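First comes one chain, alone, set out as structure tokens in the form predicted alone.
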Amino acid sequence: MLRRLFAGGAGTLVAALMCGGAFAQDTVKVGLILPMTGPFASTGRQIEAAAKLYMAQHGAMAGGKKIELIVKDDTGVADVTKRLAQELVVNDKVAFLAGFGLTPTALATAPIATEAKVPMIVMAAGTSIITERSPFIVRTSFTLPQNTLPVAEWAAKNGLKKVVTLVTDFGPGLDAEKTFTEVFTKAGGSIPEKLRVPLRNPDFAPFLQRAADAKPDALFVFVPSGAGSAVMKQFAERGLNKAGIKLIGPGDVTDDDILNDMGDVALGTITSMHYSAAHKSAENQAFVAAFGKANNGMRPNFMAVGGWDGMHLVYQALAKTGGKTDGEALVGAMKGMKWVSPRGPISIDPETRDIIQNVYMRKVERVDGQLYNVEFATFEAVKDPGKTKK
């Protein structure tokens, strides 16, 4: 049935939705597709917790409609994501698709959002091109070029001359590698090795050994959320820290969700990122406290704020449309929206539908017996540099 509906084109799908009364319901359904199990489960756990916390604090009504959250586990596999998105649109008649823990899952869903004219809120995936794949995609997470630019500039200005890059071999990693390489080499730095590790079941040890053999000043690392512990452990086992090699990168590698478990080897790691649980603001202090209370002391990470702000976008868009769930009207309501998040001031770029936000330079330090990414500099209102010239 699903295949026939989608194979029949937009007209068939829209007719199916109309017959089901998708536009005349008092309940607005949000389909949240996340990796709740498998190697990227921490991403799903964080986003789901933040979305539910937002609803608990703001009530289950927006624009005069009741909000219903439907959570689906795609295990981080794109084919599963696509099937779940089709089911959510056709069977559950969701007004929003949201989540998307990895770039391949977001890209697999983009055609469905376009055909069904359903807003698709990317709360996690960070490859630059994602919003270009559908006019119905809006992002509340980040892009890797956006988060990499500051640490590349910092490296060039702080005495690093020779850096090896090590990235996960898929869209975000390639974005991070490209941005760092362009900025760092333009400033006079050299990159003797560009190392890429597989997304699934990576073994970092041989790549770290190659990095050590190159004797760089620093190792630039991008790995997806949750994979930083393995990198940090093997970084120490291979003796890179004792050899005086610094570890730098976008902040995924020192993810707040797992940072405390890394131990002293993480101390001094320099990263740039749009969020830290240690961010000093009243909004963030309240968010961290409420998140921990609702989730057995769990510390929110950058995925959590993507989920929190994604739900804010849902609520505010419905408020603007008076509860109407026409997809084009909802996306139009989201464009240019501004608010203060736990991460700081953010907005949705009306041209690209990507997030504009502060990016912070951070250093891992011990605070009250725990490890935190402590911010020491701010790059304000950073756009995705991959789109600034378009």
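Since the model is a prediction, treat every value here as computed from it, not as a measurement. The numbering used is simple: start at 1 and walk along the sequence shown.
The form predicted together with 4-hydroxy-3-methoxybenzoate is left out here; the points below concern that form.
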- Look up in the model of the complex whether Asp252 has a non-hydrogen atom within 4.5 angstroms of 4-hydroxy-3-methoxybenzoate, and give yes or no. yes
- Query: Looking in the model of the complex, any heavy atom of Thr43 within 4.5 Å of 4-hydroxy-3-methoxybenzoate?
  - Reply: yes
- Given that the partner is absent here, does Pro119 sit within 4.5 Å of 4-hydroxy-3-methoxybenzoate in the model of the complex, heavy atoms only? no
- Task: Flag Gly310 as yes or no: does it have a non-hydrogen atom within 4.5 angstroms of any non-hydrogen atom of 4-hydroxy-3-methoxybenzoate in the model of the complex?
- Result: no
- Message: Please tell me whether the candidate spot formed by Phe96, Ile112 and Gly327 is one where all three residues come within 4.5 Å of 4-hydroxy-3-methoxybenzoate in the model of the complex (heavy atoms).
- Response: no
- Task: State the residue from Ile248, Val314, Leu144, Ala211 whose non-hydrogen atoms include one within 4.5 Å of 4-hydroxy-3-methoxybenzoate in the model of the complex.
- Result: Leu144
- Message: Using a 4.5 Å heavy atom cut-off, which residue among Pro172, Pro150, Pro300, Gly228 comes into contact with 4-hydroxy-3-methoxybenzoate in the model of the complex?
- Response: Pro172
- Interface segment, criterion being heavy atoms within 4.5 Å of 4-hydroxy-3-methoxybenzoate in the model of the complex, picked from 77-85, 284-292, 176-184, 99-107: 99-107
- Task: Note that 4-hydroxy-3-methoxybenzoate is not shown here; using its position in the model of the complex, name the residues of 113-151 with a heavy atom within 4.5 Å of it, in sequence order.
- Result: Ala125, Gly126, Thr127, Phe142, Leu144
